[in-house]
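In the form predicted alone, a lone chain appears below as structure tokens.
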Amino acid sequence: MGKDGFIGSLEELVLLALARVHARGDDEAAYGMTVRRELEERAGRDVSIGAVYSTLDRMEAKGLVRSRLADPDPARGGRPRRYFSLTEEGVAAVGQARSMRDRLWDGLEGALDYPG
């Protein structure tokens, strides 16, 4: 996690998108481009694939995700695809982020003129 023990907003979104991919039960779909598509479709965020991979790399260094390489794929010019999954620490981090947001929202019902 960050220096203060919290994850950044893009890290939170990437962790949630990765969790959604895994929740569909297709671990072979948990690679950078599917995470990017999930962010675009579910969060309305147009994030570059480079930003997704640099975020995944940073979170792997923090121990929030892990990756594994598949066998080389001839359709990808012999390059292997890199699959990602959340670690226990990643699940805890996204849970902590949700709890923090819930605490901040608590008591604001009706205080903000927010339509949705």
Partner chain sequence: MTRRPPGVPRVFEALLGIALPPEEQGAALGDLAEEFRRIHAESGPGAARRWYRRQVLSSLRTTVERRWWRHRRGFSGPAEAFSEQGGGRMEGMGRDVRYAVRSLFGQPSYLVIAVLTLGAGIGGTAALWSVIHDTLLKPLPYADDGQLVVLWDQYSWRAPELLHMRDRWDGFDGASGYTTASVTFRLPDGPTSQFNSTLASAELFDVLGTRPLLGRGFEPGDDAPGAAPVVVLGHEVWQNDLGSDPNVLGRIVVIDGEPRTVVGVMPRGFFFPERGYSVFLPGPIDPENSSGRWSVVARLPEGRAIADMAPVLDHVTTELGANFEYPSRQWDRTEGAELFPLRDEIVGDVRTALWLTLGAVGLILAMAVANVSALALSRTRARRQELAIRIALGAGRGRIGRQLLVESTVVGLLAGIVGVAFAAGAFQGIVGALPLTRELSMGLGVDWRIFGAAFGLALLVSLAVGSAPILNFLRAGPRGGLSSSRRVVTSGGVLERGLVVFEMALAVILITGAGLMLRSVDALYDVDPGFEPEGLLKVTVTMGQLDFPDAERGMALEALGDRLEAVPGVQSAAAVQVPPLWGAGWNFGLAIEGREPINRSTLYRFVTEGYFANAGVDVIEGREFEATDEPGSTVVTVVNQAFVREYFADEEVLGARIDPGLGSGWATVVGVVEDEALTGLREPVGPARYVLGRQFSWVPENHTFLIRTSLDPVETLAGPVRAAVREFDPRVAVSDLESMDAAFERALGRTGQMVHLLTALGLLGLVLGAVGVYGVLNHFVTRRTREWGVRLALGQSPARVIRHIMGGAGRLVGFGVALGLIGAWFGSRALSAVLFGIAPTDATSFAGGAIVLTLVGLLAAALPARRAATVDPVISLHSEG
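Worth saying up front: this structure is predicted, and the values here are computed from it rather than measured. Numbering follows the first chain given and starts at 1.
Below, we refer to the form predicted in complex with its partner chain, which is not included among the displayed structures.
Each of G32, G50 and P74 places at least one heavy atom within 4.5 Å of its partner chain in the predicted complex. Using a 4.5 Å cutoff between non-hydrogen atoms, R66 does not count as a contact of its partner chain in the predicted complex. Contact annotation: T87 falls outside 4.5 Å of its partner chain in the predicted complex, judged by heavy atom distances. Using a 4.5 Å cutoff between non-hydrogen atoms, D46 counts as a contact of its partner chain in the predicted complex.
For R42, no non-hydrogen atom is located within 4.5 Å of its partner chain in the predicted complex, even though that partner is not displayed.
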